[in-house]
Each structure stands twice: as structure tokens, then as C-alpha cells.
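Let's start with one chain on its own, the form predicted on its own, as C-alpha cells.
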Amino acid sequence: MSEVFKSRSLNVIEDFSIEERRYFFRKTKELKDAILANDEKKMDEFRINDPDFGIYEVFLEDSTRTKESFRNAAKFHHAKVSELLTSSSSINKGESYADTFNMLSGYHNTIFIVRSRVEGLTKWLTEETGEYAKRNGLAYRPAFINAGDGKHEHPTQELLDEFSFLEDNGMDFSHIHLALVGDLYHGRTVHSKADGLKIFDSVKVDLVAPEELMMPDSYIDKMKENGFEVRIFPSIEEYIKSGDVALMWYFTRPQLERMGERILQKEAILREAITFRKEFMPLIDPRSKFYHPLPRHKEHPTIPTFLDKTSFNAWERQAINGMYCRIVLLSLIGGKIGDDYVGERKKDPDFESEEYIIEVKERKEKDGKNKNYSEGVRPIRDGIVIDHICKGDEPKAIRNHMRLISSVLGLDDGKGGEWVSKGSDDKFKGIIFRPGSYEFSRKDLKRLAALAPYCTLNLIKDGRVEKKYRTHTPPRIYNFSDLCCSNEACISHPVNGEGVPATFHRTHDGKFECAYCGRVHTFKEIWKKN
């Protein structure tokens, strides 16, 4: 059994490194060629071929194509395939997800394929059932495959999409020029491409959608961060007029029903902007290929049925590729293949190596004395001063955040106050002072860094600054009970009742991304509101 991919979960597309994904695509081509040639010997190299190997499908959200594709992929392996009937399961009676999947893990089920409206669910289950397996001495660590979670990601769809692109690109990883057309706001299949397309060395992406259906800024920013060239067009008609049109077009179904009455009043206009029309046929390159994750809307398909019998039709082959890709994915996670992989392994980030709380020496004034901080006109003899809060923000925003800092740090009951001042650089900043006796543990300092990055904390005793700390944005924030992701669909949000502790990772621009659902927040937005 290969150990390289064995028991690895695929919660988001980035759970496999770029080189690991390229290896996956090469193995998928091997398998597809073998199946089409009816080469049983080659196919057996991929088969788990163990009737006791447990593969469990749990679809908490309706699906036909993904579910059946995985079911047929699992049967290829001659393994035990089970299904949780959610309509009659304890999940619908209030049982926690953790309890349900822990129980199923104990019944010798090794791979779980999960689809859900709850975002980040498989990420949480990977952690929780891993601990369960360790506590109970299970011989294996259960692996999870995200078969779609809300508006977050659909990594297996991304794999089959990319494999289809590669087939039409001659299995060339050097470049891709792709148009994404349709509802880019809701579509998790296009959101997955912000990281998924990194398998190509050079990426040019054209986003074709009216403003109401345009991809969220966080995903556009991620594409640009990943080095993609990104262009934006309001309609197919305007895109074609640009004169620089991709040979690969990826369409999605508009989900206007999610967007309220105001959008539905503009339904006809929005659909027209993203629907391919016959009049466009002579205006695009005949080598063009169209893709779609399916299903198409039966009354208003963005790829109309008149295109089904044309050379543009790549979506049917794309759907068939789903089974090949999922066979290989199960083979990898099941440990059947992977021994011949040579390349970079996916690495977990090292959050502990970076110091973000810096103790600094207090500078003395010209007379050799330490700087004094005062409560009004009276110097503070003992207490704390938190300075440089939200520097550069407007006074109202600073005052609002100082109230949050005081609440979260438990300073509301103390004497003292807050004020907004303007520094020599003409920027506003906030200052909190509290006279009295205060001690700050390492955990308190971490909380302050998360609440107010780039502030300074002065601990004053006997009229002098005894210690001074300057904070930077932490690479990770976790283990605080008052943290909260703002996304109610996230597994960590209290509305879901799972007790999942909120965890955030710093983004390249100093914001915080939820470790489960990927929602991006500022440091002001990650705290529970009282």
C-alpha cells in the first residue's frame, strides 16, 4: 500500500500541492486510456480490490451527478460502498455531525464522501474523527472528500474540470486562457478555480458576468495574488467585441432565486448577458470548447441545446471524466497508487515560527527620564496604556473598536478612559488607559495582538514604564471563546450548534480567513458581538 496519499482528506483543492495534482492528472489519463482500451491488467493497478474496505457516501444536500459518479467510481474498486440515508438518520433529530461520523468511523469505514450546505464541514470532521481514531486506537485515520459544501468549494469538480481542460490543452501545464461565464457570485465550482488553476504556469482568466452576478472580490483578489491575469466583462456580447477571446469557456447556471425580488425583476436582462446565442457562432473561433458543471437550467440554459451536436460541446465529456477522476482519487486516498510519485508534498503552514509580540525598550526623554502617561492632568502611577489603536482610521471607527477592545479584554469595569488623538503624521489613533494593577499573560498578549495589531501596550509601575510591547498581526488566531466567523453557513458559527472553535489564518494583505469556510474578515470582524 502506498503511503504518500493514503488517508489524506480533500477538503479544498489546495489540500494537494500543485505537483501532487499534476501527478493526479497524469494517472487519470493512464486510467482513462486503460478503460477505453479495456486493459484489465492496467485497470487492476488502480483497484483497491478489498471487499472490507469501507467507502461511505453521505449526501446531506441533494445531488445526482456527483453522487452517482462517486458511487460508480467506488464500485470500480470492488470495495464496500455504503450510503447514509439522511432522511431517516439521527442527523435530522439533532445529533451532532461529529457523533454521527465518529460512530461510522468505528465501523471500519475508511473514506467518507460528504456533500453539505454547511461550509467547512469536512475540514472539521477530518480533525474531529482523526482525534477519535487516535483516542480509540483505530488502525486507520478516516479520510474525507468534500463533494461540495455550500458556496465554498467543490474540489472534485475542480479536478474533473481541470482534467478536461488539460485534455483539450494537450496535457500541457504551461498555460491556460479561460473564460468563466454565468453566475460567478454563487458558483462554488468557479470559486474553486481561484486556487485550482495554479496547476498552470501561466493563467489568463476572463470573468464574464453582469455586476450582480460577478465573482466576489475576495476570489478575484486571490486570483491576482496567485499571479493570474484577470479581465472583467459585463456580458458575452461585450466580451466578443473585445477581440481577445479564450478558446475555453466555462459556463455556470444562474441562481437568481437566491438573490431576492430586486434581482428577479431584472431576470431577463441578466440571463441575456450570460447566455450564448446563435448570432455569436460566426464570431468565435471554431476550435472553441464549452464546459459546464451541469445541470443546465431546463428553460434558460446558458449553453442552449442547439450547441449539443456541435464541436463546441466539451461538457458531456467533462461529465464522463468525473468518474475517471473520482476512481483515481479513491485509489490515491485508499493507498493503492502513489508509490511512484516524486515531487513536493503538501506542507502545513508553520504558524509558530513567527513572533508577533515584540518587547521593546522604552526610550528615555532628553532629561534621562522615562516617558510619562497621564490620566487627564494626573500622571498614571500604576496601570496600562494601549496606544496607536487603529491608526489612520476615522475617529468614529476608532471609538467603536476601542469599546470592543475594552469588552474583550475585560477592561470595562476599571477606571480610566479612551480618547482619540492626532499624531505628528496627522493621522488619528486611539488610546486606552486604565490606572490600577494589571498583569498580562502570554495569552492576553495574543488576544491583544488579534484585537489591535500594530498597537503598543505599556505596563506602568511606580510611575515608570516597566514593560512595553508592540503587536503585529498574528499568523493564526484560535482558542478564544469569543471568536466568531461571520458566515452563518460555516460549521464554526454558533447557529450550527456544533461547538466548533473558530480559527482564522492571516491572509497576504493582513486580513483573516476562516480556516473552515474561507470567509475573509478584518481583525475587527472576528469577534462575537455582545
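The first residue of the sequence shown is number 1, and the count goes up from there. Please read these numbers as outputs of a predicted model, since none were measured by experiment.
Same protein, other form: the form predicted together with a small molecule, not shown, and the subject of what follows.
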| query | finding |
| --- | --- |
| The small molecule in the predicted bound form: contacted by all of 11, 191 and 218, heavy atom 4.5 Å | no |
| Partner-facing stretch of 401-409, 435-443, 197-205, 154-162, counted where any non-hydrogen atom is within 4.5 angstroms of the small molecule in the predicted bound form | 154-162 |
| The small molecule contact at residue 289 in the predicted bound form, heavy atom, 4.5 Å | no |
| Residue 282: touches the small molecule in the predicted bound form, heavy atom cutoff 4.5 angstroms | no |
| The small molecule contact in the predicted bound form: residue 293, any heavy atom under 4.5 Å | yes |
| 4.5 angstroms heavy atom contact with the small molecule in the predicted bound form for residue 313 | no |
| Residue among 487, 66, 471, 496 with a heavy atom within 4.5 Å of the small molecule in the predicted bound form | 66 |
| In the predicted bound form, the one of 82, 255, 96, 169 near the small molecule [non-hydrogen atom within 4.5 angstroms] | 255 |
